[in-house]
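Only one chain is shown below, in structure tokens, and it's the form predicted alone.
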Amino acid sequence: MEKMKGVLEKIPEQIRRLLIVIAVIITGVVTVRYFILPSSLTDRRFHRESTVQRETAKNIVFAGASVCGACHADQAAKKKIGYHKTLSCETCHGPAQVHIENPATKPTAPRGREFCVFCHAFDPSRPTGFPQINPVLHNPIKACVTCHHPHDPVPSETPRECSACHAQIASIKTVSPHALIGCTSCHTVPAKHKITPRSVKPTKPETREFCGKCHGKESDRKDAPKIDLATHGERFLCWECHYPHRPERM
């Protein structure tokens, strides 16, 4: 006992006070938890059952895409092979359970431009290749459904400008030294790329000499930076070190 007392006396006063406070807190928590709080607040089974009851009592508002397809087979079939195939019907049409119970109650059918731009307005955080537009410039005033069928949004007429799909690249290119160079100056674009862009892709320059036409020291393009192709960059293709759409960034 005296030995323990001696050990305690060696502990600094501040530590001893802190230990007393911690002991009081632990004692208080245990007392409240096991002797004061009613079992309804501490019983996990009670909480689990009450949560289930609360959730099952809520009205069902979403019907589910499979239910929609049972009645709207044509629209479902078109959507299944279109670019919106991963979207649920209720993403655009809103909760449809009331419509299922009473077909006379029609779901919403957004037709204004402001709805589609939630996903398709230009946002640099979206992946390259995701269809993005500038709503101010892209067919201003017209409703999106004028050109795009919502269940299969590929337009009847392929956009003529590359920026219609590659808005992120176009935005970067506008502030680069290559701003005035057309996309097809460096890329050969097969006609099918505009129909199936993910499976048929444009070409990329495959030789160092391609960029050398403007940037080689023998080139007559006075406004382009010059390099010695024999020594600069060794065997690497130019675009493996320089981002072509903003080549001053490496």
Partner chain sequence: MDRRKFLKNAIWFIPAAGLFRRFLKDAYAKPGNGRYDPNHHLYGMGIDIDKCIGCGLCIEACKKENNVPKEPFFCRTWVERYVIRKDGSVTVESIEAQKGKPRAKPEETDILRSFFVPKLCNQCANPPCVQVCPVGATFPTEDGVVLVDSKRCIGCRYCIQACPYGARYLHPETRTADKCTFCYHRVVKGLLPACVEVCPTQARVFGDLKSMASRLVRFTRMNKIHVLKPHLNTEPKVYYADLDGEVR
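It should be emphasised that the depicted structure is a prediction, and the values quoted were computed from it without experimental measurement. Numbering follows the first chain given and starts at 1.
One more form of this protein exists, namely the form predicted together with the partner chain; it is left out here, but the text below deals with it.
The partner chain is not drawn, but in the predicted bound form it has no heavy atom within 4.5 Å of Ile181.
The closest heavy atom approach of Pro140 to the partner chain in the predicted bound form falls outside 4.5 Å. At the 4.5 Å threshold, heavy atoms of Ile26 stay clear of the partner chain in the predicted bound form, well away from it. The closest non-hydrogen atom of Gly64 lies within 4.5 Å of the partner chain in the predicted bound form. Contact with the partner chain in the predicted bound form, judged by any heavy atom within 4.5 Å, is made by just one of Lys58, Lys217, Arg221, Lys192: Lys58. Only one of the listed residues (Cys119, Ile100, Ala77, Ala164) places a non-hydrogen atom within 4.5 angstroms of the partner chain in the predicted bound form, and that residue is Cys119. Residues with any non-hydrogen atom within 4.5 angstroms of the partner chain in the predicted bound form fall in just one of 183-191, 207-215, 29-37, 48-56: 48-56. No residues of 198-216 lie near the partner chain in the predicted bound form, the criterion being any heavy atom within 4.5 Å.
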